[in-house]
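The chain that follows stands alone, in the form predicted alone, written as structure tokens.
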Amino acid sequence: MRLIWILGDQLLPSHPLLPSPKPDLLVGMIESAPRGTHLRYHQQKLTLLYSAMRHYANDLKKRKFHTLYHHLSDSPAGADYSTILAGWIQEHRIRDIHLLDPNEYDTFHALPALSKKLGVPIQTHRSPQFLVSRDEFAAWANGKKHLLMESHYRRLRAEHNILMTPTGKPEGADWNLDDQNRRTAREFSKENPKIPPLPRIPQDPITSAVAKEVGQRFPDHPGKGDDLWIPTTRQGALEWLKGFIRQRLEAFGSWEDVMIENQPVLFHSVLSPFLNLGLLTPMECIQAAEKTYREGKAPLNSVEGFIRQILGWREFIHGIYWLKMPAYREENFLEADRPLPRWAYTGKTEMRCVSEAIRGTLDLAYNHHIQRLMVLGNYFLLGGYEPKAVLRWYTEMYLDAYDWVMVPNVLGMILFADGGFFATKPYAAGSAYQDKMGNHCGSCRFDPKKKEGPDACPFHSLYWNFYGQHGPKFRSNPRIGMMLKMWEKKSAEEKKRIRTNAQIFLQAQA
């Protein structure tokens, strides 16, 4: 017998290793309790993962595939992958195992040892979950000291003929319309665009059972599985995509960077959990958005911005991960070593923008990209928090968090821990940014316009302290030159007050 092993984040609608049922073909899926305790993963993430797996297995059985499935509750309790596979090999006389290339570095590189332990060959095959193969990305990156997502994105746009004119030019004459997608919270308040409600997704019996089991087995993990708010099936993911395209894509671009109190989703798609599980494919999302533009139902700035998230950042980040691992996890260019703040898992902080973002992670296992990067990430960067601790937190707290996503996003983009391999500057911002792009400041006890005193927004002193502390490392970076000059022009007394205020605040968060 031959076993096709399907990993939990590879629930593809057209699995290339499963063209049709065959008498000598088995399909195996494993819910690993030890893997679920590797980190304190949010209960909603685990509920999404296991429910999606169970639905996928049920679909395989309906299609007459001989499917082996190990549930969390199946004996032996706490069995790992090797134990379960060994049992299947003995019971079903499996002669070889096939699977798609694992998306996680450690899993991929553990396969030779696993094969030796089991005594059967394990063969991997290229996964269609990404448009660019690992080898292709490595060939493109070869010889480059720094990589730019924009260059990679433009190449893929042209190769796949996405948002291109018949003459081979980008639609609208510009490749990137990001400058049209930075409208502010004040503009949002003035125009008051109608935010469509998200679809209500009642939990089916499978998801409800999973949520209960997750709560019992992982009671110390953050969040509640019962509160899962997105679908867990291929059909549900397709409907979610259609809803975004029909109701939210049109306004997405203009308001993608704003942060509005009690509106955690706004016009964002929340498609990454489905893409990262394999329930949706990158190209079907891209083509759905482009079709809407061609039909005149959504503006180019929204469609291009959305497509850039998938064709640009998603493909680029995946390539960076496989190019730089495993040493990438050890990067710490800024020598940050502060432990996580005490509010990281509670949200109990007087900084309103931060507490709102943490509330989003606890309630929904979700923040949109600006909250992740420019609120929480900005705070972790400016405060000098230890990269491995921050990476662990991001990996635990989000529905769409997987190793390949979070390692480069957190270490390279958020924390600048790689010294700028692909981010051209640290994503650092002071209190003015929070006041401009969000409406949280109005209900915060800190005042973004005050620079000193007990009511001054901490982001002000944290921002300037960051440049004062790391200025020498940034002298050769032309994008930061102005900030360094402004710091150097400050008097010795003002610099001392900034450093003191920053340290007092950070110590209070310990």
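Quick caveat: nothing in here was measured; it's all calculated off a predicted structure. In this text, residue numbers run from 1 along the sequence as written.
Although not depicted, the form predicted in complex with a small molecule is the subject of the following passage.
- Of the listed positions (A298, L85, A344, V410), a single one reaches within 4.5 angstroms of the small molecule by any non-hydrogen atom in the predicted complex, namely V410.
- Screening Y328, W140, W175, Y402 for any heavy atom within 4.5 Å of the small molecule in the predicted complex leaves a single hit, Y402.
- This chain is displayed without the small molecule, yet in the predicted complex the stretch 305 to 313 from 305 to 313, 120 to 128, 155 to 163, 231 to 239 comes within 4.5 Å of it by heavy atoms.
- The candidate site formed by F252, N276 and H368 is fully in contact with the small molecule in the predicted complex, as each residue has a non-hydrogen atom within 4.5 angstroms of it.
- Residue contact with the small molecule in the predicted complex: Y394 places a heavy atom within 4.5 Å of it.
- The small molecule in the predicted complex comes within 4.5 Å of a heavy atom belonging to R372.
- In the predicted complex, at least one heavy atom of L271 sits within 4.5 Å of a heavy atom of the small molecule.
- Although the partner is absent here, L72 sits far enough away that none of its heavy atoms falls within 4.5 Å of the small molecule in the predicted complex.
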